[in-house]
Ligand code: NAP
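Take a look at this single chain in structure tokens; it is the form predicted on its own.
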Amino acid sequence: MSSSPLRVAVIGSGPAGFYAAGHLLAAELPVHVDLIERLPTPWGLVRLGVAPDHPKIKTVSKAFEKIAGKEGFRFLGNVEVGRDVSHAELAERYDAIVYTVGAQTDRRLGIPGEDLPGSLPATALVAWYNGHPDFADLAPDLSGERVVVIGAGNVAIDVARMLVLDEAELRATDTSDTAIEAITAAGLKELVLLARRGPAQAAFTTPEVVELQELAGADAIVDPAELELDAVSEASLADDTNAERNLVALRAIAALPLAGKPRRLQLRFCVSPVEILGDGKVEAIVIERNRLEADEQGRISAVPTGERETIPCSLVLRSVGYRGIAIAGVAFDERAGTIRNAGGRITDEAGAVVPGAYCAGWIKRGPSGVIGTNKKCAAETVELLLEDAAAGTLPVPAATGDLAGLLAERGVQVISYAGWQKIDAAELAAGEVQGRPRVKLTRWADLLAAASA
């Protein structure tokens, strides 16, 4: 193996990207890592996906800052693979490429009316209130009295909670100014969260349920009848401590008297959307009650009963899963929504390993686990990469020029880590004036200007 540093391009600067970079830079051989990011800012969903009222989760960025300070690390922000540089051009310049681009879009419901104005993916709303520059002009219609959120995971419950926070709760966070103003001024009186299966199958975690009891501006509501479990669900609790704790928290909510707060957040179980209604915009959603059935392996599924109900509403937010987006030149599994791979080694359409190409995080395994899950996932991928380097099976780069030179020739304004630190400092300073964690810059032009100041 050559004594010159192993040159690796890591695409995507969320948790999986930083963990991959950190593991590479901790290797016993010299490594140079270029962390390439489409946005001018790093950290992925830690910055733009975590609920703003959960600041403790964002402290993981301290570990990322340490990785960025290691010798051999370089951040190339505002660089999009497929627009500014191709996969083939990266392969010509690096010994290996690791894709850690996450799952950037949402899964669809596949029901009539899903494309009406006022029907949105929850991912878009999350990006909007977190200040993602691609969603600065989203302008969701919050003028109506009722919003429906579809899904039973943490993203769904985070979105539901965020929309019923009062102004004081919002202003203690780094929620974008635009979102704070819109949510505070909203005509919203009731938010309804719909779960396809029962409370024992809900994917959200218990702290998110407990928080609903503590909302300053909204009463949380659960019908006690919907918490009565069938025999199969009751039996499943023995192997699922999270579900058992969820039931305890949900029953505590069901037992609470209404406090007469301005808004209500209602959780409903065993119902599925079948159609979104409206003349030119969302006006109502039709839902169908389900019953739960278990197959021979004990898997519990929701079976429609034919009993339907129409709920008037002005906004429907679907949160039924994330999926990845294909990258030109990289084999993609449309059904799974992931890059085709064998344990992290990227494969072609026929299943053969593509030398020097790897993936980690959600684009590798799908949207599962928590932030820490990506650390193990990235380490596993990097170990395969290092094994291949030691075995001499990595391809030899055909081009000798640095990527930064190619990007400069194309007029790309590359944002360095120092540029990101200028953005960070500007946001923190603006937040300090208002007694907030930070005030985010939410527009591309403002971010790029701050990085160049």
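When you see a residue number, it is the position in the sequence shown, counting from 1. None of the values given here were measured: they were computed from a predicted structure.
Just so you know, the form predicted together with the ligand exists too; it's not on screen, but the next bit is about it.
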item	value
Heavy atom of residue 208 within 4.5 Å of the ligand in the predicted bound form	yes
Heavy atom of residue 245 within 4.5 Å of the ligand in the predicted bound form	no
Residue 107: touches the ligand in the predicted bound form, heavy atom cutoff 4.5 angstroms	yes
Contact flag, residue 266 vs the ligand in the predicted bound form, heavy atom cut 4.5 Å	no
Residue stretch of 168 to 176, 212 to 220, 319 to 327, 234 to 242 approaching the ligand in the predicted bound form, non-hydrogen atom distance within 4.5 Å	319 to 327
The single option of 91, 76, 85, 203 touching the ligand in the predicted bound form, heavy atom within 4.5 Å	203
Sole residue of 147, 377, 164, 152 within 4.5 Å of the ligand in the predicted bound form, by heavy atom	152
Three-residue site 43, 95 and 364 fully in contact with the ligand in the predicted bound form at 4.5 Å by heavy atom	no
Residues in 356 to 388 with any heavy atom within 4.5 Å of the ligand in the predicted bound form	362, 367, 368, 369, 370
